[in-house]
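One chain comes next, on its own, written out as structure tokens in the form predicted alone.
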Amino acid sequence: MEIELNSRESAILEEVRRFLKSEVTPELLAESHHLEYIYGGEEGRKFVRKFAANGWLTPCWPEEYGGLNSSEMLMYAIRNEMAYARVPIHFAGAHMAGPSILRYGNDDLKKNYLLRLASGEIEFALGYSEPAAGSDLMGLEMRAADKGDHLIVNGQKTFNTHAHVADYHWLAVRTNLEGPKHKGISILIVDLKSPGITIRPMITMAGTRTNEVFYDDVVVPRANLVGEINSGFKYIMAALDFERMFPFGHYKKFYEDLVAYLKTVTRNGMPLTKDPLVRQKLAQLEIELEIIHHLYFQLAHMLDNGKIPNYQASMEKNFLTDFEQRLANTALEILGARGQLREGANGAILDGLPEWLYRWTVIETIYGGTAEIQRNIMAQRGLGLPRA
């Protein structure tokens, strides 16, 4: 599938590419890498505010909310260019919560949050996972007691990645203990500076940070309730579909850098890229990159035609995260022992990125719903198979 842009959108995409070439600094790249490409660090905020001032962070949103009234295809193309440039690409607010507010929020919520999200002024953290529930969102237990003009929230969340750099929590809470579990969940927008909130770090095997977040009698104004009370499960499902639309530009950039490096390494008097076995491995990766290109832009095509991708988003997420592991494994197979040297070590190849990628790609299969969850969605909603 080719990227389908009109002349105005093609001109915007070219302008984005020029901007990225001129504005990305070594300091921004270093921060982005160590924050696992989430938004909220000091360098990232400076960059994104300048970037978003052109309407490029949310181009497919209406102009009244900071967008450009463009197609989703342009939105996807811009996100992929950002990934290729290795700047922040995970925007829980602009790309996950924001679209849900557009669809389900009332006028006050749209007025209070959408322009600030589109401008990069504020960022959200997703507050879904809990210690005893994991990816089973119907099993969440954090409670919010309805007190009329406000709610009182108590409980614990875990693996809330943006929480230490975000401004607000997109929080899933249980507001009704009676009846089916999926009919007792609500979504709240919570200021993370509210009294009673404690954020503690959890360091991943890749050396990056996620968080556990504790709520102790936190007061949340009822005006921060998204949509209807007890209807939050369908909003979460919609937001998760947006979360699972992963750009792939950063992995394409890694692949290109790997090939460029291998051209400089000789074995038996010829570059490694001329070795038949190495060529076969690289060709396989390039074929899979092309498949991901089609899966990714298929999602934009569906949105532009009035459909919300569901199992198709799981297909893209699952294939991409499996590919990432094959990419990292293949790189280390070809590079040998030096490929295992970490960033900063003498002789580290590509600044230690192959070694880091090998650890990081394990985590990617868990974020946004585990690979097992994605396969269940594809089986049940895509193939119509019965629940096991």
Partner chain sequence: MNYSLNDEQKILKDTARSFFTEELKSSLVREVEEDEQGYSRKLWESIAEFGWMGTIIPEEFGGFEATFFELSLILEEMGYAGYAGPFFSTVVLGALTILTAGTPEQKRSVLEEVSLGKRLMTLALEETGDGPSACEIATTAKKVADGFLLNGCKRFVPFAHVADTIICAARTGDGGKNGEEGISLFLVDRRSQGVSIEVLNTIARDKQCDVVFNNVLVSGDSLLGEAGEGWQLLQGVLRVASVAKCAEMVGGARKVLEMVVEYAKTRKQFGQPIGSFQAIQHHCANMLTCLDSSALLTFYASKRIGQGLSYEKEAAMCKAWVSDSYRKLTALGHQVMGGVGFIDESDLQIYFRRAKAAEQALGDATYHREIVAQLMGL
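Positions refer to the first chain, counted from 1. Please read all numbers here as calculations on a predicted model, not as lab measurements.
Not on display, but discussed next: the form predicted together with its partner chain.
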If you check in the predicted bound form, is residue 25 within 4.5 Å of its partner chain, heavy atoms only? no
Does any part of residue 231 reach within 4.5 Å of its partner chain in the predicted bound form? Heavy atoms only, please. no
In the predicted bound form, residue 84 touching its partner chain (heavy atom, 4.5 Å): no
Proximity of residue 378 to its partner chain in the predicted bound form, heavy atoms at 4.5 Å: yes
Quick one: of 142, 89, 282, 189, which gets a non-hydrogen atom within 4.5 angstroms of its partner chain in the predicted bound form? 282
Name the residue from 257, 286, 121, 136 that puts a heavy atom within 4.5 Å of its partner chain in the predicted bound form. 286
When you measure heavy atoms, are 168, 179 and 182 every one within 4.5 angstroms of its partner chain in the predicted bound form? no
Of these, 196-204, 147-155, 107-115, 287-295, which stretch puts a heavy atom within 4.5 angstroms of its partner chain in the predicted bound form? 287-295
Can you name the residues of 301-336 that have a non-hydrogen atom within 4.5 angstroms of its partner chain in the predicted bound form? 301, 311, 315, 319
